[in-house]
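Okay, so here's just one chain, in C-alpha cells, the form predicted alone.
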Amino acid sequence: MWGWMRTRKVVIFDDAASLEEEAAQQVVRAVRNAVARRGECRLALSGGSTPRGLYTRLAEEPHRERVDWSKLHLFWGDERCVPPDHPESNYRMVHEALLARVPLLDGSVHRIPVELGPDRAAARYEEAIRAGSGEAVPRFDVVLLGMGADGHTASLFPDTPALSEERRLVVPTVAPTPPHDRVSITLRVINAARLVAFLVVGPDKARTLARVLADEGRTSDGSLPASLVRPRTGRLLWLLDKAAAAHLAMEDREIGQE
C-alpha cells in the first residue's frame, strides 16, 4: 500500500447534517492550528451545493467565535465563468452563506476573476496564490473538495489535459455541462495542501465513489480525477453520508468509520 495512504481517513455519517457539523469542526481545528503555527490560514473553498451547509455552520455559533477571521485568506478551488452575482457562481454561494456573515479583513477574499476570460483569469489567479508564499508550490492549509458523479473534482474533469499539468497552479478548463468555461486549481496545488477534505453526499455518487476509493494510489489514467488527489505530506479526509458510501468495499470502510 502506498505510504501516503496512511494519512487517509474515511468517515461515514447517517445524514448530511452530521457530515456538515464534523466538517465545520475539522475546518475550525485546522484554521486554529494554522494560525497558531504560521500566523495565518490559507483556505481553498469548494463550490456546488454540498458545502453550503458547512459554510452556514461556520458563520454561526459556536464555530464563528472560535475562528480569528482576521487571520484567514480565502480562495476558491474552481469557478464557473459567470458573473459573481450569477446563480451558478461559486463565489455567490459562498458569499451568501459565509462571507457576508463573518468579520473578514479587506484583501483577505481572493475571488477568481473570471470576468477576464478563462486564460487571463487563470494567470491572474495563479499570481494571487503565489503572492507572499515564497514556495515553489504554495501550500494551502485546507483545500475543500466535492466530487461529481463522473469522478471529477474542482473543475478537473475525466481524461482532460489539466490532469497531467505539472507546471501551472491554475488552468482554464471546459466542463461537459454548462456553464462550460471554468477555471480550476491543479492537482499540483491540491496535493501540496496540509489537509484535503472531500464532502460527498447522495446516492448518485455511490458507485463512482467506490471506484475512486478502491483506485486511490494505484492508477493514473485520468478516468477518475478524484482518485488522483494524493496529498504528498498532508492528510486526506473523506466525509461521506451513508447514501454516498453505499457501495464501498469493506476494506475501504475500515478507516475512520463512524
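None of the values given here were measured: they were computed from a predicted structure. Counting begins at 1, following the sequence as shown.
Below, we turn to the form predicted together with a small molecule, even though it does not appear here.
In the predicted bound form, the small molecule sits beyond 4.5 Å of every heavy atom of residue 173.
Although the partner is absent from this view, residue 147 contacts the small molecule in the predicted bound form, with a non-hydrogen atom inside 4.5 angstroms.
At the 4.5 Å threshold, heavy atoms of residue 53 stay clear of the small molecule in the predicted bound form, well away from it.
Contact check for residue 233: every heavy atom lies farther than 4.5 Å from the small molecule in the predicted bound form.
Stretch 73-81 is the answer when you ask which of 73-81, 162-170, 97-105, 131-139 has residues with heavy atoms within 4.5 Å of the small molecule in the predicted bound form.
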